[in-house]
Ligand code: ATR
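First, one chain by itself: the form predicted on its own, in C-alpha cells.
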Amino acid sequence: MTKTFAVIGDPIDHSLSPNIHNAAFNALGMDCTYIAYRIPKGELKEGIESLRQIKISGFNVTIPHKIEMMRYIDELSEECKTIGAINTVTNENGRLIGHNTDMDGFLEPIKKRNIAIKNEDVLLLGAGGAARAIAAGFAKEGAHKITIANRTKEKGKELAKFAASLGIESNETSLDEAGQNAGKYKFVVNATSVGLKNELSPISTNAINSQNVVYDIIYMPMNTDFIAQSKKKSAIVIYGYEMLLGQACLAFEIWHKVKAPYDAMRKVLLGGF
C-alpha cells in the first residue's frame, strides 16, 4: 500500500518539497509518494476534509495556511503551541497531529556553521507565520534582542509582543530604519515574501558589512537581490534552501521515524535550481 504525503498551500506550483521527499523515498527504497496540492485561501476546511478522505499519511503546510491550520487539528506539539503556526501534520488513524519544523529547520544551518546565537542581536524582516517560528527559535537559543521590521506596523508590534512573551527583549521598527541600522545586528533575516518575484531587497543593504550574518528564507530564486547585495558587502550568507532542507529533514523524521537522507535530498534540491 503506497503511502501518500503532500504539501498544501497557494501558490504551490513552485514548491520543491515533492522533489525533496520523493528523492528521499527513492534513496531509502520506500513505497511512498509526495504531491503538491493547491488549496486556495478560504478553502482550507474543505481541503483538509478531502485529504482526510484519501487517508493522506501526512502533509506539509505552507503560505497562506500555517496559522489557520491550527483550527483543524486534533493535537498539537509543544512547538505549535508556542509558535501558533503549523507546517507539518501527521495523520494517525484519522487524528491530525500538528508539528512545526520551521523553528529548528531555520536554526539548523546556523548551527551547522557553528555561529553563536546567544546574547546576539537580531533584525527580523516580516511578521507572518515563518517569522513567528524564527523569533521563537532565536528566543530558545538565548539571543539578546530582536527587532522586527514589517510593512504593517500593527503586525510588527504584535510579533514583538509575542517575542517578549518568550523572554527575549524586542522592539519594532520601520523598513527604512531597519536598512539604515542593519550593520549593527549580528543576524539580519528576511522572512517576508519580497524577493520571490525577483523584487529588489526589502531593505537598503548599504549598511551591511562583513560582521553580518544575512539569512533569506526565500529559496526561489536562490540568489535574491537581498542575498546578492549582501554578498557584495562580504556578509556571511545563509540561503533559503538550507532552511527548506532543514525543516524537510525534520518533517521526514517525524513521519517515518528514520534519519532523513540529507545528501540525497540536498542534491535533488540544488539540481532543481
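These numbers were taken from a predicted model, which means no experiment stands behind them. The first residue of the sequence shown is number 1, and the count goes up from there.
If you look for the form predicted together with the named molecule, you will not find it shown, but the lines that follow are about it.
- Using a 4.5 Å cutoff between non-hydrogen atoms, residue 192 counts as a contact of the named molecule in the predicted bound form.
- Taking non-hydrogen atoms only, residue 80 never approaches the named molecule to within 4.5 angstroms in the predicted bound form.
- Using a 4.5 angstroms limit between non-hydrogen atoms, residue 115 is distant from the named molecule in the predicted bound form.
- Proximity of residue 151 to the named molecule in the predicted bound form: non-hydrogen atoms within 4.5 Å are present.
- Not one of 183, 188 and 238 places a heavy atom within 4.5 Å of the named molecule in the predicted bound form.
- Segments offered: 104-112, 83-91, 137-145, 151-159. Contacting the named molecule in the predicted bound form at heavy atom distances within 4.5 Å is 151-159.
- Residues 126, 127, 128, 129, 130, 131 are the members of 107-140 with a non-hydrogen atom no more than 4.5 angstroms from the named molecule in the predicted bound form.
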